[in-house]
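Form predicted alone, single chain, as structure tokens, below.
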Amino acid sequence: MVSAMKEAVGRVAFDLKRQSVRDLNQFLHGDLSEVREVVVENPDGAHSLAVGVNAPVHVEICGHAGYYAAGMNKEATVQVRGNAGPGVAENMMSGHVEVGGFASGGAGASAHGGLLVIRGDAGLRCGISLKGADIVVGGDVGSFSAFMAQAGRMVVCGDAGDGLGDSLYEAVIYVRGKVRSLGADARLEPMKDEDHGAVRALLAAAGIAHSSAEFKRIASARALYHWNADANQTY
């Protein structure tokens, strides 16, 4: 059935009105050595689209995606031509995931590597427990974004909600707009030359044009690195 869907050399199309998400993911988990591009038509908010892809293939989801789109991605480029539900690019290892619109809660959660680009706004806890990936958000991020982020970088071109960077470790956040409040142990720090270089490189990779001079650096004050019995839960 899949072979009948081939439209050109290296290009395969799936229509989720006629095929299942299982069909799609089983194909993506198979031998993709001769496949260059996979087009997913009529996704209609289906969950777990293009999960666990482990090949340098381009996957285009032509519409909105539900929960956990492109989760555990490795090497692939996955583009969602619409909005994405909770957990997009969750636990991503490498590759490039792009959401054309809004990304719901937990975008990029626990992502170890690669680049997640969100063209619109992101919901609550974007980049929660980030472990090394890069995230660029073209709009705003919701409250408690980068909560317990351990490594990696997040660039927010809009505003940030409450508790940004709560319990932050070695990850760094760059925000262009307003920050409603910082979380525990997060603090504003001066932008250095390497920060400007990092922001310019990430914006270029995302295809977004802003000056690095407009961004603020937020990093960990490192007061939470060691338990302090005298702190009385106040940091």
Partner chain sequence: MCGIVGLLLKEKSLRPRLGEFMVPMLIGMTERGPDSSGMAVFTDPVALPNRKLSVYCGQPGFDWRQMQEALSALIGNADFEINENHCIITVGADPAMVREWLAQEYPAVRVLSVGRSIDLYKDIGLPSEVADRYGFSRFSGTHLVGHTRMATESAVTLENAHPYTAGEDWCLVHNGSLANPGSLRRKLEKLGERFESDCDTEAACRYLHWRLTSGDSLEVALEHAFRDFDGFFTFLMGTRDKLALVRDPFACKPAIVAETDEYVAIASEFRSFAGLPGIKHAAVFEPKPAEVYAWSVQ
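Positions refer to the first chain, counted from 1. Just so we're clear, the structure is a prediction, and the values are computed from it rather than from any experiment.
Just so it is clear, the following notes concern the form predicted in complex with the partner chain, a form of the same protein that is not shown.
Undergrad: Just to confirm, with a 4.5 Å cut-off on non-hydrogen atoms, which of His47, His196, Arg176, His58 contacts the partner chain in the predicted bound form?
TA: Going through each option in turn, the one that passes is His47.
Undergrad: So in the predicted bound form, does any heavy atom of Arg153 sit within 4.5 Å of the partner chain?
TA: Although the partner chain is absent here, Arg153 would stay clear of it in the predicted bound form, with no heavy atoms inside 4.5 Å.
Undergrad: Verify the contact flag for Gly123: yes if a non-hydrogen atom of it lies within 4.5 Å of a non-hydrogen atom of the partner chain in the predicted bound form, no if not.
TA: Flag for Gly123 set to yes.
Undergrad: If you apply a 4.5 angstroms heavy atom cut-off, which residues in 62 to 78 are near the partner chain in the predicted bound form?
TA: His64, Tyr67, in sequence order.
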